[in-house]
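Read the single chain below, which is given as structure tokens and is the form predicted alone.
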């Protein structure tokens, strides 16, 4: 092998074996720690697989918990028997196909949102409005031969998806309006919005949900009260808007001042400056914290149980709450945790993809 060949190999960097040796086995101490840590990791993986897969029970032919008595593994039969309660809540059994189609509609909406053709404010807004309308029509019913199902009978994963999607649809326009109004040159408007944002952010979400569900009926006239779920969604959206407004405002503040001044010099109106120059770049700058806020908001949907709505976590508690399945709470929480993991991990991966795409677009 010539000197040139050695130079080319060095330019390619260390091989995988060499990299592992340097990182984990570079000294006797590192070697000992790596071996002990690897053995511990293998033991943990084997223990989890042994409990969750090899010694577990997956179905219950007779519909009872007797099949899980005396086993050393997981009793996934509770999911087989009570899974519908976790997914659909108290939605009528014969109508649960509607709840399934509603969730599929929202999933298709989310997938279409990833298509670059929809990355336009009007198209994206219309997509989510139509998708949410289909979701609500399927869930609510009351016409076209569909049985009317009140929101008080909704629950499980479908209720979580509904509250999350509705909260984002209500909260995002409010967040944009709050961010722009806080930058207003009129001190009265900017001061009022700043006080509103800071006031909402200083309160726990539970307090806002409790006030929206139970206090507002005593304040508002009857014609303005609406259903409890819509008051809760408004409170949920307001809380999201207060945090998202600051994220958007930070994205606006990161823009060079000269861009807006140049737009003014060209005679562009405030509407065109905002929608075509400021907001697109602000959302790109604020993309990482926006994705993080979406993730946090999805997890916060579990708090609606405080006002009497049985979302996926509360439905999971009800699934093992009966005396027959009370021993299988670990399996239920693992299943619910996997649901949250799938949603949150998907959001984070899509956010990472968008960040990479946005960076490419800047060059």
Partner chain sequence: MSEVAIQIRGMNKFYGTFHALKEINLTVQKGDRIVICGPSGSGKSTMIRCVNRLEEHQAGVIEVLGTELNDEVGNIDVIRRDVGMVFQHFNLFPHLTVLDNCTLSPMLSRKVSQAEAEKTAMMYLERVKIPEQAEKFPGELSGGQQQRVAIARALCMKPEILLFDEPTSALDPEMISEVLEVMVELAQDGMTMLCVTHEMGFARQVADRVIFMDKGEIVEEGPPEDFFNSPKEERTRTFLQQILSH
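Residue numbers count along the first chain shown, from 1. What you see is a predicted model; the values in this text were computed from it and never measured.
There is another form of the same protein, the form predicted together with its partner chain; it is not shown, and what comes next is about it.
TODO: Counting non-hydrogen atoms within 4.5 angstroms of its partner chain in the predicted bound form, say which of 92, 83, 226, 280 makes the cut.
DONE: Looking at the other structure, the residue within range turns out to be 280.
- [ ] Tell me, out of 270, 230, 136, 118, which residue has a non-hydrogen atom within 4.5 angstroms of its partner chain in the predicted bound form.
- [x] When its partner chain is considered in the predicted bound form, the option within 4.5 Å is 270.
TODO: Evaluate residue 249 for contact with its partner chain in the predicted bound form, applying a 4.5 angstroms cut-off between non-hydrogen atoms, and reply yes or no.
DONE: Residue 249: no, not in contact with its partner chain in the predicted bound form.
Open item on the list: I'd like to know if residue 145 sits close to its partner chain in the predicted bound form, meaning any non-hydrogen atom pair within 4.5 angstroms.
Closed with: No, residue 145 sits far enough from its partner chain in the predicted bound form that none of its heavy atoms falls within 4.5 Å.
Open item on the list: Does any part of residue 263 reach within 4.5 Å of its partner chain in the predicted bound form? Heavy atoms only, please.
Closed with: Yes - in the predicted bound form, heavy atoms of residue 263 and its partner chain come within 4.5 Å of each other.
Open item on the list: Considering non-hydrogen atoms and a 4.5 Å limit, does its partner chain approach residue 113 in the predicted bound form?
Closed with: Flag for residue 113 set to no.
TODO: Quick one: find which of 252 to 260, 75 to 83, 149 to 157, 136 to 144 has residues within 4.5 Å of its partner chain in the predicted bound form by heavy atom distance.
DONE: Contact-bearing stretch, as computed: 252 to 260.
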